[in-house]
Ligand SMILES: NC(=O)c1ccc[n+]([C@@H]2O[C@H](COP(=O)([O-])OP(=O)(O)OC[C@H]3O[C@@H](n4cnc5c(N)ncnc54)[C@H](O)[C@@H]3O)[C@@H](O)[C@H]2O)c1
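One chain comes next, on its own, written as structure tokens: the form predicted on its own.
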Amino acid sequence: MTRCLAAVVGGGVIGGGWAARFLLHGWDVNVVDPDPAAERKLNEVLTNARRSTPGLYEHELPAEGKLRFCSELRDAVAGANWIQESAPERLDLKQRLLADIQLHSDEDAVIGSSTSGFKPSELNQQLKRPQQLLVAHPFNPVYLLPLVELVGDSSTVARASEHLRGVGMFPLHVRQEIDAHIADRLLEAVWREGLWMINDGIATTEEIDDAIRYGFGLRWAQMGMFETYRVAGGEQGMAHFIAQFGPALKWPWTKLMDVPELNDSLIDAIATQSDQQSGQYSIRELERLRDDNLVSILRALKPRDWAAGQLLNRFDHRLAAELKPAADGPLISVRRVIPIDWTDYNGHMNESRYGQVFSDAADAVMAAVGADLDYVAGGNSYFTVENRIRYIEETCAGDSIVVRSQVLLGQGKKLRLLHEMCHADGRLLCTDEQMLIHVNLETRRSSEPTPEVLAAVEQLAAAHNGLPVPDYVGG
């Protein structure tokens, strides 16, 4: 498979996040940034991304791409499929930089700007091919948060969306140009209100953050604003909510059309309160805490297949399709990284999560013999009736693991499996002997598999018949 190449122009917080997103999803990445410390800063971002991003998924990500730092813009953008400009928010600077990018890039490359406020019609003033540029506004950390707001030519947006979905992101087409796009307009409203409450001595930075993270922030994370209010309207829905709370819009609650003067006194109050709130942590420690929390929140949405969880599940299906079975050995049933929320107070993977890994391994075997989700929907499945798990070595968050599954018996209703879970470096971590019985889901009783599935089971069992069986099996 030919690798795609991304060029990141500006390797700060956002540019570094873009580089990490592309790299960890298999793209090669060129970075150019005049900051002498850019390479150090980006590598620190990449360290955090490598620690957290793989934990979003139930399957191993593609092999990491190659990272190259370039001293010249023309070297960075030459041959790139995607070029992401993440320079400081100065219109004149961005216009000159984007013109230089286009001069040295391929005509069919996507050129995206990370700008949080400028419109494409402002950014493309010096471009010979203005339709080549679009706003591709992400959210920090780019390597975890999936949303990208796209503004620009519809055909360019369509091409860009395909690239972004390929790296696990959610492209949102903003159909009309607007200052600050969609999300930042909403964030600006909350930010202004927060500044006023600090300015007027009503609340501190910590109290405002508490109101968000213990209250509506949790609802917004999985339902957004309008769906949240639709539920708040009860059985009569949104119409009832608006009728009940609409009159409040005329009350003098907010100061959205004004902003307090950011004088030295207000700036000092905000900075002091912020230091008191979390100044005991370094920025890198806060980033790691944020990343761990985001991974856990995002993963919590996966079982319900809801909001960002649905997006992660779709990408997992894509990764699963790329999992290739071994032709002459045990089935490679699981390749993944252990997420942070699978660890316990001992600092290693909780024993319940081994059951999850081996359940996933059994699902992969079932899929390999045709007992997949369609088969289950048709009223048939395999139930586990016995497990024997042996814990050999510790498994920790961030460990890359592989499970090899071997059919020990495939006969009639019985399917007996051996799973060996190994670290990517080859160390044996855990084993599981698993007995499954075929079941009719309507009667909830054991039954014979369909002829097609039984034939596939017997074929796989025969293929595995010559494989060595470890001494511990059957203990």
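The first residue of the sequence shown is number 1, and the count goes up from there. Treat the numbers as computed from the prediction; the structure is a model and nothing was measured.
Missing here is the form predicted in complex with the named molecule; even so, the following discussion is about that form.
Quiz item: Out of the stretches listed (462 to 470, 5 to 13, 21 to 29, 449 to 457), which one is close to the named molecule in the predicted bound form, meaning heavy atoms within 4.5 Å?
Solution: Careful reading of the contacts points to 5 to 13.
Exercise. Could you check which residue among Ser105, Thr395, Ser114, Gln132 gets a heavy atom within 4.5 Å of the named molecule in the predicted bound form?
Key: That would be Ser114.
Quiz item: Which listed residue (Ala180, Ala87, Leu195, Ala307) meets the criterion of a heavy atom within 4.5 Å of the named molecule in the predicted bound form?
Solution: Contact residue from the list: Ala87.
Quiz prompt | Close approach of Pro34 to the named molecule in the predicted bound form, 4.5 Å, heavy atom | solution = Pro34: yes, in contact with the named molecule in the predicted bound form.
Exercise. Flag Asn140 as yes or no: does it have a non-hydrogen atom within 4.5 angstroms of any non-hydrogen atom of the named molecule in the predicted bound form?
Key: Close contact exists here: in the predicted bound form, Asn140 approaches the named molecule to within 4.5 Å, heavy atoms only.
Exercise. Answer for Leu93 alone: is it within 4.5 Å of the named molecule in the predicted bound form, judged on heavy atom distances?
Key: Close contact exists here: in the predicted bound form, Leu93 approaches the named molecule to within 4.5 Å, heavy atoms only.
Quiz item: Should Leu97 be counted as a contact of the named molecule in the predicted bound form, where contact means heavy atoms within 4.5 Å?
Solution: Flag for Leu97 set to yes.
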